[in-house]
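Only one chain is shown below, in structure tokens, and it's the form predicted on its own.
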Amino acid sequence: MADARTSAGIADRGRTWIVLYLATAGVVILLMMVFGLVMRLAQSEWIALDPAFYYQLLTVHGIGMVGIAALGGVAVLWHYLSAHVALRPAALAINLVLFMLGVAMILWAVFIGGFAPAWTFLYPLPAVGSSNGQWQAWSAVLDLTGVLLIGVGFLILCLEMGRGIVAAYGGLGRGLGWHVLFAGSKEKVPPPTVVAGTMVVIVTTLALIAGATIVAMTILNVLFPALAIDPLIAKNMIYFFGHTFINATIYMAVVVVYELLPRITGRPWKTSKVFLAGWTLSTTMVLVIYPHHLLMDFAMPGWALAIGQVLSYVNSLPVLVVTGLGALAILHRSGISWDVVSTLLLIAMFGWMAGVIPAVVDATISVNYVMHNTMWVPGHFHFYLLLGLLPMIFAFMLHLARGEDVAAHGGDLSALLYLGFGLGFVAMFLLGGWASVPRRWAVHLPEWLVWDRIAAVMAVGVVVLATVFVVTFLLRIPRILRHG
């Protein structure tokens, strides 16, 4: 259970920084959505777009959503974790400065320098594109340096959260509740938010170290092409970083479910041994399932691919089961009066759990050979982010906008409309993948336009509803700061 500060509204010394994080996240999320809509309109042949510019948008849209998902997730996690452990807001300030500087570098590199290898910057694309004139070498170095700065900023945040957890609980193992799980101790049982925060610290720190290493190696390769990198090692490091980091964002944001549902329903979310076991298993498995992104790489060891397939099936179960069933148990016969915040939280649970299903399907080797380079894959992660992660962030924004009051305020229709348009949008990705429409193509064949055009219409609805949520938050910022 959270302490008294949580039930009364958290007195967070970093509230101003949290508001800045959320305002930045909200504006950039809308911008990335507009970029996505423009790409869909171009694929639909409703607007004309230079293919080179399309791939620039694709690059910024991809890495922009990854980075901004992390910024929004960190805001949620820091706000609630600071009620349980002492955190220094200076880390928030340092991260935001590095984030904004990194973003400026990336945007300059892409839109001025023409750098456009997609967000994964797979080796040797940055150097090859520089050598054949697709973009200038300086743009590749500038973009990757921006990514490196953003990673360093998030690493500083993770280290600060880890320090706070260790200081409060005596170690990261105790933050995960291992003394309760394995020794049966009832002393200082960590609340769900601390357990989730500890998991995030562990997996994100390891992912960021791997990411920083491969980014630095890639920069050296661009500057000195003779310094070659083993392509398979590079791809493993990139996907270990990318897959782990983007997954960690939803583990950051899910604490809003752990904190708000008990307050809304008046029922506690207890830290049981089953809950602790689920988070411990996920901490381990999220670090080793990334090979399901490399199932088409024949040079990968067979045992690694087998692990990627099998554990991809299992990984989704522990935390999803304890969180999903826990949420349903708290909601069952609670007499809750539904409003936009509570409905968004329920949508987030659905989006997280259902969004995993297409990923599990794609993680099957025989299916992956056919489906991985189709629209099925962006269908999975748009499902996961659009209907899983973003509703958590929007719910948190709106909760702060109403002064952390948990009384029902209505507005659930807007959340349901967001769900409807979001489902329609991701369904077109999945149906396009089922029809073998390739992903990452700027120009589509006439036979594929039906999926693109329906998706574009649905995307308009998503952008409109997301704008309502974000603008509502932005207009309430003065009140939020006064409340703090």
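Here the structure is a predicted model, which is why all the values come from computation and not from measurement. Start at 1 with the first residue shown and count on from there.
Heads up, the form predicted together with a small molecule isn't pictured, but that's what we're talking about next.
Novice: Taking heavy atoms only, is Gly62 within 4.5 angstroms of the small molecule in the model of the complex?
Specialist: Looking in the model of the complex, residue contacts with the small molecule include Gly62, since a heavy atom lies within 4.5 Å.
Novice: Should Trp441 be classed as touching the small molecule in the model of the complex when contacts are defined as heavy atoms within 4.5 Å?
Specialist: Residue-level check for Trp441: yes, a contact with the small molecule.
Novice: With a 4.5 Å heavy atom cut-off, would you call Tyr123 a contact of the small molecule in the model of the complex?
Specialist: Answer no; every heavy atom of Tyr123 is more than 4.5 Å from the small molecule in the model of the complex.
Novice: Although the small molecule is absent from this view, report whether Leu71 comes within 4.5 Å of it in the model of the complex, heavy atoms only.
Specialist: Leu71: no contact with the small molecule in the model of the complex.
Novice: Counting any non-hydrogen atom inside 4.5 Å, which residue from Ala118, Val367, Val321, Ile94 sits next to the small molecule in the model of the complex?
Specialist: Checking each option against the small molecule in the model of the complex, the one that comes within 4.5 Å is Ala118.
Novice: Looking at Leu58, Ile454, Leu419, Leu430, which is the one with a non-hydrogen atom within 4.5 Å of the small molecule in the model of the complex?
Specialist: Partner contact (heavy atom, 4.5 Å) among the options: Leu58.
Novice: Has each of His79, Pro191 and Val194 got a heavy atom lying within 4.5 angstroms of the small molecule in the model of the complex?
Specialist: Checking in the model of the complex: none of His79, Pro191 and Val194 is within 4.5 Å of the small molecule.
Novice: Considering the small molecule in the model of the complex, find the one stretch among 106-114, 306-314, 374-382, 208-216 with heavy atoms no farther than 4.5 Å from it.
Specialist: Every other range fails; the passing one is 374-382.
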